[in-house]
Ligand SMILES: Cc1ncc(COP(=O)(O)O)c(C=O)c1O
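One chain follows as structure tokens, the form predicted on its own.
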Amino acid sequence: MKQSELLNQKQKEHLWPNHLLYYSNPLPLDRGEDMYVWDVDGKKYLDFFAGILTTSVGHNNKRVNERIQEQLGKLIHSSTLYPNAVHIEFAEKLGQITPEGLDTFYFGASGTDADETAVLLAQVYTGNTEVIALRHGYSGKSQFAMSLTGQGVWRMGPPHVGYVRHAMTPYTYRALGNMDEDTFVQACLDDLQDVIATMTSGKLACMIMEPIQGVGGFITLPPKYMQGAAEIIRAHGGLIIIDEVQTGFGRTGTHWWGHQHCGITPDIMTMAKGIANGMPLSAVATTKEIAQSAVGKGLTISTFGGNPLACAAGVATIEEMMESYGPDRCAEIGAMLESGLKKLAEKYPIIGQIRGRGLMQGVELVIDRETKEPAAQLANGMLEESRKTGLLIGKGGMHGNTLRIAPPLIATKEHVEEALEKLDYAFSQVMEMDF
């Protein structure tokens, strides 16, 4: 029996069966190096999904690993009850790349943790309770985060929190009545106003938005929508929370943060995934004034938030980004990736749209470009065929029909060319399928 078969068998025996696993025959990974990973049977793969946009500066990054090893010999854990030098060092380092004013941090262990903390802080600061989220959005796996999430398939059970309302997402590829972008964006802003007027008291705590909806299929929010939504929410007393869990740390190119493409400044910003190259860590950034509002409103600690090992990894990860893999480089390599994907779209009619920014590119697959009928089976086929070529990609979207292509930030022109060649072959195979 192959090692992969044995591990898959043990997975079924010992882990919950609702673990979502890619591929008809799940892929147990064994090790990684830079842009590549190897499965337990020894096959090599080019990683263009980065552990869901998390392995930001490559597998087994030398600088990150050395900093973890150094910290491992000093202190592994203490909790937030005690100040720790590396916890503070990481906050100081992070403040060098966050937007001006958003330089006060609270650390957690996951994006779920960060989003939940951010909403709670907004409620404490404003004294209001009601929250606006977006359809197609995703905020995590806790009970409250599933309530924020605007996709029924990601709720394990019914919605749980009654004060969350979901507004229409400006998903321009699927605009109502095939409206042009400007008209549809205005329709979505009108819907936001209507949701507030009909489904809330009018006194809001916050609205949470992802600049590019990750699990939603890399739906990219137009700048006019984000600007208009921020104005509307603030007029109703609410704060703007920007979820940068997937879009942060230069991935979208040109800027360190995805929202900076849209000309707005959030009141609170959440981040995780690429923050520490795979170590469990998240952060909530806000202003000193908003952070101060939580003082005296109840006790709080985080047992694992700001863990010394994770923070050490975070310091080294940001240093790598700042020195070698920053936003401008992501824009340059991302432009090559986007251009190559658009050439594939000219060749394969099942590609309905290429969208995203920088090294965060979505490829929505359809049965027919005129009807835009979603093609989840083709997306599944692309994952399987890409795997056969030695390429790992992701998928997402409400209909499960969007390929998510987001390599580590260390990707080079040669890696992009290799990935595009493998995708080209995978598309040619999928086109032969009966659908």
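The numbering used is simple: start at 1 and walk along the sequence shown. Since the model is a prediction, treat every value here as computed from it, not as a measurement.
What comes next is about the form predicted in complex with this ligand, which is not displayed.
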Next item on the list: Have a look at 69-77, 243-251, 174-182, 229-237 and name the one stretch with heavy atoms inside 4.5 Å of this ligand in the predicted complex.
Entry: 243-251
Check: in the predicted complex, which of the listed residues (G111, G334, G274, G258) lies with a heavy atom within 4.5 Å of this ligand?
Finding: G111
Next item on the list: Heavy atom within 4.5 Å of this ligand in the predicted complex: which of L365, V215, A133, L204 fits that? Just give me the one.
Entry: V215
Check: Applying a 4.5 Å heavy atom distance criterion, does S139 contact this ligand in the predicted complex?
Finding: yes
